[in-house]
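Starting off, we have a lone chain in the form predicted on its own, written out as structure tokens.
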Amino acid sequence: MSKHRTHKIIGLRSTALSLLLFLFFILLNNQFGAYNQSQLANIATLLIAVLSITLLTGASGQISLGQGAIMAVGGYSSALLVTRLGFSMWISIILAIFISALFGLFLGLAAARLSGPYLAGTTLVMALAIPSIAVRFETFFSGDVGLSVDYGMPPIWLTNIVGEISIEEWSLYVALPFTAAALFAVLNLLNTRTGRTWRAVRDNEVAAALAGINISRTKIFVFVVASALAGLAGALYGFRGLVAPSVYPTDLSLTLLTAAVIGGLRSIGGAIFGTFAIVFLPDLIERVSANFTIPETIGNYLPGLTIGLLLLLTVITNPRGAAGALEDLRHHRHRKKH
């Protein structure tokens, strides 16, 4: 099979999967009420950030505990462009992607010299520092109060087509095209020479260097792409109504990493599953715990505790996450048949 034909098949497959994800969200939206529609919009937004971890950690093997901080970079960039310079929401979101990518370039220059716990520690310090910067320079970033931005009202042409649109639905309609585009880009990247290069660096840096791969350049490029995705997610996340330190807390980075690990760090399907889990699982736990007499001091922390235990079990029993467990099950069934 020729290289051109292979690329064409990969492109068609990526397009089909992205459209399927888009339609899946739309179908779920039509079945949900306002609260669940809001959760669905959050999933569509956070999925972009989790995909950035799939690229950064799953594909290239670089550990980052600061994706939430890069989301803050995207969120503040877009909000400042709207509130200070009067840019439209759409242009601000696009520019936030480039600003976040530039931030990722500087971070990647540091990452090229670091690895393992040193890189994780550096990105964690960044996650702790960025909210403090927003508070320190209060006159510019509005401190703890934050910057008020929102998606605005849906355009008339859209309401004429689909009828009345709630704020929750409009949030999903804004985020979903970006989510589908991000999925399309990630799928194509992972199936190209670039993706194979990233995996080679992940598996064995020495062997990759001997094969002629520029390790430093590869690491920097991965950080640029992953930061662009995280910045896009951060911009969309902020337009829910507020961009402030409380919107991008330190534990946001850990939440994103949890979603990626539970689903499977090296799996796109795992990223989708993990993002649904971290958004819907807390509500499910609260509903189940409501049937039991649990002290309020314990009940308030039960969702977080349960997700933490789930993460711990995943790491111990199957580090490849839900996607790895599903693959093992398929292999087991296949061996039984033969």
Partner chain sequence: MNSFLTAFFSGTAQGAIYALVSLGLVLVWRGAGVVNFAQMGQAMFTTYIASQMIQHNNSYWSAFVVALICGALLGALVDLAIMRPLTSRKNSQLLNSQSMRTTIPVIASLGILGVLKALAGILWAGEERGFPSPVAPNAIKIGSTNLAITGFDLFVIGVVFAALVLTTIFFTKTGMGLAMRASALNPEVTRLSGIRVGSVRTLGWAISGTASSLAGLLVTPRTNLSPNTLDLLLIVGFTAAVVGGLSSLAGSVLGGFILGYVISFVNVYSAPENVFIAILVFLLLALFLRPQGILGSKEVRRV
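Given the structure is predicted, the values throughout are model-derived calculations rather than measurements. Numbering follows the first chain given and starts at 1.
The protein also exists as the form predicted together with the partner chain; that form is not presented, and the subsequent description refers to it.
Student: Taking 4.5 Å between heavy atoms as the contact cutoff, choose which of 34, 298, 27, 290 touches the partner chain in the model of the complex.
Tutor: Residue within 4.5 Å of the partner: 298.
Student: Name the single residue among 122, 188, 267, 197 that comes within 4.5 Å of the partner chain in the model of the complex, judging by heavy atoms.
Tutor: Residue within 4.5 Å of the partner: 122.
Student: Among 233 to 241, 80 to 88, 256 to 264, 151 to 159, which stretch has residues with heavy atoms no more than 4.5 Å from the partner chain in the model of the complex?
Tutor: Stretch 256 to 264 is the one.
Student: With heavy atoms only and a cut-off of 4.5 Å, decide whether residue 203 touches the partner chain in the model of the complex.
Tutor: Residue 203 belongs to the contact set for the partner chain.
Student: So in the model of the complex, does residue 132 come within 4.5 Å of the partner chain, heavy atom to heavy atom?
Tutor: Heavy-atom contact with the partner chain at 4.5 Å: present for residue 132.
Student: Residue-level contact is defined here as any heavy atom of the residue lying within 4.5 Å of the partner chain in the model of the complex; does residue 319 satisfy this criterion?
Tutor: Yes, residue 319 lies within 4.5 Å of the partner chain in the model of the complex.
Student: Since only the chain is shown here, I'm wondering whether residue 282 would be in contact with the partner chain in the model of the complex (any heavy atom pair within 4.5 Å).
Tutor: Result no; residue 282 lies far from the partner chain in the model of the complex.
Student: With the partner absent here, would 99, 104 and 212 each sit within 4.5 Å of the partner chain in the model of the complex, counting heavy atoms only?
Tutor: Heavy-atom distance to the partner chain in the model of the complex: none of the three under 4.5 Å.
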